[in-house]
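Encoded as structure tokens, the following chain is the form predicted alone, with no partner shown.
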């Protein structure tokens, strides 16, 4: 079966990880802009980072027959500095024109500060101005519920945001219902030590169903492993779920969401109605 990795920070991974992912049938991956493992010292550092993920990473991935896409933004962790953030936002439109860029992401909140929320709102407006998809980072640990609620309420009350074009990532059991009830897409990130495990992810799929849900691995600067997405695939199969449903979660659903951007080249193997209601 084919696999799409909808959220992974390949700048933090070795080339060997691309080879591993290809051997595990990954055909495409998406890299949201985020923290570089340290706080950057200038807007120019962000500019170079955006060039890296929009131009260099696709060539590295292509060696292993993987399509690499990315998202561009000022990330939540560094968004508390309004001056720096707005300088970075000023050149984001330049990157939105590139063939590998899917939209604005991963925008969102880290510590739920006023400044973070201001920059989140400004980047939502930028996405709407340029007709872009949005990928959202929800806070980790104790701030997740509060931060998720802040962003859901803002977007739901905005009036100009299409929920179909927005994904909330890093969802867990206590935030999934809120996101889905508001009509947004939800993604669950698997970590080998903290947060979601493969078993918890499959539990959630069994509770909430497979429509408007995606799963991704935790390839980043901390303890993480791109292989965890395949652990979830194995867990889902081990529990007896239909092959078609596994395929929808790990391939079709990313196609349904990402395919709203004309730059995304892969096509789902089923239409939505059959994939979500034909079980």
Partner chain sequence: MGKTTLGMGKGSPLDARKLLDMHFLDIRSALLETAAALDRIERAKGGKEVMGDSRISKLFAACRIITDTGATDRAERFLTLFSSPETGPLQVEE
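Remember, predicted model here, so these are calculated numbers, not experimental data. Residue numbers count along the first chain shown, from 1.
The next section is about a form of this same protein that is not shown, the form predicted in complex with the partner chain.
J.: The partner chain isn't shown here, but in the predicted complex which of 245, 57, 231, 220 has a heavy atom within 4.5 Å of it?
T.: Of the listed residues, the single hit is 245.
J.: So the partner chain isn't shown here. In the predicted complex, which residue out of 94, 206, 125, 81 has a non-hydrogen atom within 4.5 Å of it?
T.: Contact check passes for 206.
J.: Taking the partner chain in the predicted complex, would 114, 235 and 241 all count as contacting it (heavy atom within 4.5 Å)?
T.: Every residue of the candidate spot has a heavy atom within 4.5 Å of the partner chain in the predicted complex.
J.: Mind telling me which stretch in 143 to 151, 85 to 93, 67 to 75, 126 to 134 gets its heavy atoms within 4.5 Å of the partner chain in the predicted complex?
T.: This holds for exactly one stretch, 143 to 151.
J.: Please check if residue 39 has a heavy atom lying within 4.5 Å of any heavy atom of the partner chain in the predicted complex.
T.: No, residue 39 sits far enough from the partner chain in the predicted complex that none of its heavy atoms falls within 4.5 Å.
J.: Is there a heavy atom of residue 183 no more than 4.5 Å from a heavy atom of the partner chain in the predicted complex?
T.: The answer is yes: residue 183 has a heavy atom within 4.5 Å of the partner chain.
J.: Indicate whether the partner chain has at least one heavy atom within 4.5 Å of a heavy atom of residue 158 in the predicted complex.
T.: Flag for residue 158 set to no.
J.: Is residue 177 close enough to touch the partner chain in the predicted complex, meaning at least one heavy atom pair within 4.5 Å?
T.: Yes, residue 177 is a contact residue.
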